[in-house]
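One chain comes next, on its own, written as structure tokens: the form predicted on its own.
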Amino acid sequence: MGRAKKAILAYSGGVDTSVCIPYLKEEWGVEEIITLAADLGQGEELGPIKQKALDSGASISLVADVTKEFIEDYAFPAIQANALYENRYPLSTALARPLIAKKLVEAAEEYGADAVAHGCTGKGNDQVRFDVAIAGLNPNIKVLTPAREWGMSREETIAYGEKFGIPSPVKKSSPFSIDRNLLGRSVEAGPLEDPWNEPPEEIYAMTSAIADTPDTPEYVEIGFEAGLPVSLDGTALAPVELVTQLNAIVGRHGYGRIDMVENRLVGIKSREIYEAPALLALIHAHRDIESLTLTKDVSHYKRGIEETYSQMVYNGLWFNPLKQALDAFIKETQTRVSGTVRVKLFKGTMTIVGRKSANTLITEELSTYGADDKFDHKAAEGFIYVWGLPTRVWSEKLRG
């Protein structure tokens, strides 16, 4: 079933993506497979993964360190957008997919491949994110999706791989499916599929159990410039270092866990567990500094934009023209979103306890109730009359 001569395969080192290598060759007639593993700051040693791809039949095994690009070009714009899918999930996994797709397409161009491939199944969101992102970057390249089409169970997949020298897992040490990058972890499957079951403590790795958190609060000051996080406690930090340090600080206080039933793009509801300590803290802190520096109309209008933005990222439309237009709007709103937010971390909570900005729109002589009050209270009567006039007229007509 020849579909392509040379393909770039998104590679994780797991069973499915390893089996994709011989499967694409033997069943679909692909002559050469080049794998690409993305280093997204997940803290995993990718050397063994690189070697496993070669042992599984790849001609070239690439590892792309994209952590800096991931944080600067994907995570930080999402923070400016206060992106929370269904007002809860900060898109830590979803944000990585368009970047991986971009690297697949770039590698295909560099190595002269006529196809790219991934190991996503037919039930998840990632298949859509990859396929649509790839189409947005190069609509003419072939996208091969063997795991979506081979129809093998996990046991059959393992057995198929063993025929080609791919070792089967010694044991299924965990029933959970886990995805991790610098922004966070997503955990699903196993007993978590029943939304009534409490998540076991063992599934968490970035956040401490409440019983293990410090008994005294910790305060952190997060600095923003033009809507971008730039410092912690007054110390300027590069984006990757800032997120890394904040993950550790926030995580040790047990903040950043999300347990939710979400609506997948394909129409299935699924129970998902996420850990995203730094990302969640940054979004809430950023939204707070916006409250100080954006006008009421911009702030209220932006809320609707944020909802659309979050849905587009979740639904795989990163390279969509509407998404690009929203980017331009959001960037324009951020020009004066600068200042510092002070947060208090304690026993699984993050409380914003202070904020300040040179661009604050709070005017002391207008907001104060003290002797320095300059607000014209007499003007309120006329304002209320005009503002309430439609309601007054409607009420009079209603009552005859």
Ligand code: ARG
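Quick caveat, the model's predicted, so the values are computed rather than measured. One-based numbering along the sequence shown.
Below, we turn to the form predicted in complex with the named molecule, even though it does not appear here.
The partner is absent here; in the predicted complex, the one residue of Glu188, Asp288, Glu221, Glu307 having a heavy atom within 4.5 Å of the named molecule is Glu188. Contact with the named molecule in the predicted complex, judged by any heavy atom within 4.5 Å, is made by just one of His118, Lys102, His253, Arg129: Arg129. Shown alone here, Tyr89 lies within 4.5 Å of the named molecule in the predicted complex, counting heavy atoms only. With a 4.5 Å cutoff on heavy atoms, Leu322 does not count as touching the named molecule in the predicted complex; it lies far away.
In the predicted complex, the named molecule sits within 4.5 Å of a heavy atom of Asn125. Contact annotation for Ala94: at least one heavy atom lies within 4.5 Å of the named molecule in the predicted complex.
Residues within 4.5 angstroms of the named molecule in the predicted complex, judged by any non-hydrogen atom, belong to 266-274 and to none of the other stretches in 279-287, 297-305, 266-274, 197-205.
Annotation for 253-267: the only interface residue with the named molecule in the predicted complex is Glu262 [heavy atom within 4.5 Å].
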